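Okay, so here's just one chain, in structure tokens, the form predicted on its own.
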């Protein structure tokens, strides 16, 4: 198994649609290229920002292939393959591996509340069918399941599961994970407003959609932390924290689409039931971006 460890800023791409709400692959490739050339350390399609649950199997495959072709090995790729059933998760994980993904990310999605044993069996079944690393994604706000540290520890006993993404928004949870799971475990922050605190807690990387709008600030924050310059890191974080809070509060796909447009970048349409930001929300976002630009 390739033991790829992702580090730094892992950028999430939005999935754009045309006016008929059909997948716009050419535009998606342009947006991915923009993330690569702006300095992202890795590219992650098919996450919450990429509206994974709103896509058909064929659309997921098209997005996966477009990502791998556009990135062309310049940076690692982390492909979201989560699905309600184990069978479909295995299918998409195998597809991502065959397409050339560096790793896959899986959140336990379920209509019914899953037991710990069911979750372990789910990850184990997927891991047994692929040879690339798996990032276990904990986000109870979207997945409906809060995976405890003891459960995550069980998942890490599965050879392919080598990374944990924590998105509960609880920085104490991150310190607990580091203490309980050990220094050798790679864990990643998925809560944008906790970027600085998560790095201070020992996060290996930051999974975020923010590089679509402020890539330089995002990578500079990681570099400052890596250099041990926490005074500079705090300053960089304070410059972007309002935007980080805004994109989470208003919904990542909606906020990133609007932000790209305000920056003069075509961003396509949303797929229903998602709707664009309101005029007032766009004004707030515009003011935040203007403030960042003038700092």
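Residue numbers count along the first chain shown, from 1. Bear in mind that the values here come from a model prediction, so they are computed numbers and not experimental data.
Keep in mind that the form predicted in complex with another copy of the chain is missing from the display, and what follows is about it.
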Inset, instruction - Kindly confirm or deny that 118, 201 and 274 each have some heavy atom within 4.5 angstroms of another copy of the chain in the model of the complex. - result: yes
Legend entry - Selected contact from 76, 100, 215, 169, since only one has a non-hydrogen atom within 4.5 angstroms of another copy of the chain in the model of the complex: 169
Legend entry - Partner-contacting position among 35, 63, 252, 267 - heavy atom within 4.5 Å of another copy of the chain in the model of the complex: 252
Inset, instruction - Consider residue 135 of the chain shown here, and say whether it contacts another copy of the chain in the model of the complex, taking contact as heavy atoms within 4.5 Å. - result: no
Inset, instruction - Indicate whether another copy of the chain has at least one heavy atom within 4.5 Å of a heavy atom of residue 27 in the model of the complex. - result: no
Inset, instruction - Find out whether any non-hydrogen atom of residue 261 is located within 4.5 angstroms of another copy of the chain in the model of the complex, and reply yes or no. - result: no
Inset, instruction - Although another copy of the chain is absent from this view, report whether residue 193 comes within 4.5 Å of it in the model of the complex, heavy atoms only. - result: yes
Inset, instruction - Tell me the stretch among 215-223, 91-99, 155-163, 77-85 that has any heavy atom within 4.5 angstroms of another copy of the chain in the model of the complex. - result: 77-85
Inset, instruction - Determine the residues of 131-166 with a heavy atom within 4.5 Å of another copy of the chain in the model of the complex and present them in sequence order; the list may be empty. - result: 142
